[in-house]
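Only one chain comes next, encoded as structure tokens, the form predicted on its own.
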Amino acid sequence: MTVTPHTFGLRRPMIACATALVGLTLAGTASAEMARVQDPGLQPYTINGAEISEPLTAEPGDAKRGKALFINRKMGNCLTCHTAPIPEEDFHGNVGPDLAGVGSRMTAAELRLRLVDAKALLPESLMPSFYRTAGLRQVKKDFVGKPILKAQEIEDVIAYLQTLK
């Protein structure tokens, strides 16, 4: 699998949106090839088919911290696009798939690839690459050269998503 920089700008938003929804709800759609990714300043990882098997950190993810990141409108901002079983939070999005039960449908390794770089799995995905800095376009000035989430934060969000059974 060749990992190449992808653009955020989409010419066909409706097709891309539908493709993203299908791609993010189906597991195992990528080839079984492996690609080692080294993004300057970030922990290297290996994409193996539709997953990143190895955690990005030695410390296990913390579901409580992950939920806080998930609902934080200035960090993960996941509720902008996704509905989740968090009725106490207002304004859930419907662009991405509903995440109720995602912990039963996807492994931590599958979720890790989608959070780190969904575009490696599905180039037309609307999902941002939360742990990438290279090859991006239209990056907010505050995030140039920095990932949206740090490695431990990715693992924390994964731990939270795994609780959604």
Partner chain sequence: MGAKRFGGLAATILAMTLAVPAFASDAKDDPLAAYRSGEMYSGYVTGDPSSREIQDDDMMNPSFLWVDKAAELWTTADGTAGKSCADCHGDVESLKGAATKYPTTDAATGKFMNVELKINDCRERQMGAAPFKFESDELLGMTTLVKLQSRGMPMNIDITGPNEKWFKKGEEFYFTSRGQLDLACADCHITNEGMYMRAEKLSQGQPNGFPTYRMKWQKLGSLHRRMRGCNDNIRAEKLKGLGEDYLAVETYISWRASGLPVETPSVRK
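Between two forms, the rigid core is defined as the largest C-alpha subset superposing within 1.5 Å. Just so it is clear, the model here is predicted, and its values are computed rather than measured. Residue numbers count along the first chain shown, from 1.
Below, we turn to the form predicted together with its partner chain, even though it does not appear here.
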item	value
Candidate stretches 108-116, 44-52, 93-101, 57-65 - the one whose heavy atoms come within 4.5 Å of its partner chain in the predicted complex	93-101
is_contact(D39, its partner chain) in the predicted complex, heavy atom dist at most 4.5 Å	no
Touches its partner chain in the predicted complex: I148 (any heavy atom, 4.5 Å)	yes
is_contact(L126, its partner chain) in the predicted complex, heavy atom dist at most 4.5 Å	yes
A84: touches its partner chain in the predicted complex, heavy atom cutoff 4.5 angstroms	no
Within 138-165, the residues that have a heavy atom no more than 4.5 Å from its partner chain in the predicted complex	Q138, V139, K140, K141, F143, K146, P147, I148
A134 C-alpha shift between this form and the one not shown of 2 Å or more, rigid core reference	no
